[in-house]
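To begin, one chain is listed below as structure tokens, in the form predicted alone.
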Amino acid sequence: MREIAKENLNYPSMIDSAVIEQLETIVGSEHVSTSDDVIIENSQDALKEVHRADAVVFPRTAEEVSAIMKLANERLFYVTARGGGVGYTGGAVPLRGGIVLATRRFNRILEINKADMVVVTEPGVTNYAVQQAVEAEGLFYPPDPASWKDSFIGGNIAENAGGPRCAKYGATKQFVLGLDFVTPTGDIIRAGARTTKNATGYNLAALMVGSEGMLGIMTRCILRLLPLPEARQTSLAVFETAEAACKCVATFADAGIMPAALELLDRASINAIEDFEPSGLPRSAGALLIIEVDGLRETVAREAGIVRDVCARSGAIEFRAANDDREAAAIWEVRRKLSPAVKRTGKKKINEDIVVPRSRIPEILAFIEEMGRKYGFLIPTFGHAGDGNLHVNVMLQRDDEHERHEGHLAVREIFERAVELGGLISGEHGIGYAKAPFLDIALTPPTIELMKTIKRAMDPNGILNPGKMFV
């Protein structure tokens, strides 16, 4: 377990029966649970570290959320908002008990407007459901985190989620036009609008993006859409070295194109896949790229030819271009196999994400390999080469106290090097409690203090999602 921040520990550690009765009055008794199974399910995320809530509450309206937050400030108990619960930094975990406010009943897509190019949705709708709904109308919502079938839109916004298509389209923050949210003290705020231009006051909607559930609880989201691309073309290119693959990434801009997705897998990742489910990838390869272009049919045909030429000039030793949707799915299956494949290479996976400028990817990959040799760990690395966001997996073989300590030392050195190269310690996973001890590597003390000032101003009693981000 990681060390948890210690502020505000004077609050009650358990929710008493009077609070439970008041919560039941607000949302209905059937929507408040103290069942052990429900509490365990809602007291952990992908890290699988359980910090028990005292109750789980399932509100349905902004007014109910407001009433819960006002009660929490009156009775001084903690509230942790939860979406799909699939994060990797503990952002939705109730570290200090109190209640989990689960948003799964906020599960309606309220409007898809083709004229305005927006979708209005509640936060408890999955990314996948939003994408399927808008594509049925010929529209496109680009952010596509790997957890898209399970992660909620509210959580995507709270973590500023990314995904493979960020290379061309950007992360979630580029698509949030407006938000309704409830403040930690219970006020209902309507921020932003359904217009792409907005110079009316502070951008409060943007403040919520990446706030990790610490500044408010979303109840309605207005998201910008694009026309659905007419066609896509997916390719896989194998390179003898990671350096050659990275140089290829940089060459696409010189060729005048920006692929929609540009994914990189290093040698350790390739071999993990071949050990898990052989895909015919050369084990001696230094890296591979999965490249997808999209747009109008004629444009895609032209750009697909450029992709093939660029890969050839960059020294690709193997190139596969999908001829249809089935073959494209087979190429993406290589990427989807990574998580279970990598998991089999050790007893415990320390899963971190970093981001560096694209031009510095070769340097950070070389440094990660050096850390693997220094500490004796296998460290498969893969991710979004198009935007410099890499997923670093430090694999522990014994998972004892010594190895965990050594693993976190390796992670700290990797974080420090990423920052030295002009990057940051997270591109899309967020900070939560897992990365809180490392925040000062990336941000200066005045920057962190300003963030704390904003938190104190909006949440004077420290009620909402305590113990996250700041140690």
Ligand SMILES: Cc1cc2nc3c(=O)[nH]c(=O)nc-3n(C[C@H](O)[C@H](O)[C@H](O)COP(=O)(O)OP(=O)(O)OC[C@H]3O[C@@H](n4cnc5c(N)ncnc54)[C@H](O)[C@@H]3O)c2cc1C
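Model, not experiment: these values are computed from the prediction. One rule holds for the numbers: they count along the sequence shown, beginning at 1.
Just so you know, the form predicted together with the ligand exists too; it's not on screen, but the next bit is about it.
- None of Pro259, Gly388, Pro380, Gly84 but one reaches within 4.5 angstroms of the ligand in the model of the complex through a heavy atom, and that residue is Gly84.
- For the options Gly98, Pro184, Pro142, Pro145, the one in contact with the ligand in the model of the complex, meaning a heavy atom within 4.5 Å, is Pro145.
- Across the proposed site, Glu243, Ala245 and Ala316 without exception lack any heavy atom within 4.5 Å of the ligand in the model of the complex.
- Stretch-level contact analysis of 395-403, 269-277, 299-307, 153-161 against the ligand in the model of the complex, using heavy atoms and a 4.5 Å limit, identifies 153-161.
- Using a 4.5 Å cutoff between non-hydrogen atoms, Tyr169 does not count as a contact of the ligand in the model of the complex.
- Although the partner is absent here, Pro94 sits far enough away that none of its heavy atoms falls within 4.5 Å of the ligand in the model of the complex.
- Proximity of Tyr375 to the ligand in the model of the complex falls outside the 4.5 Å heavy atom cutoff.
- Contact check for Leu288: no non-hydrogen atom falls within 4.5 Å of the ligand in the model of the complex.
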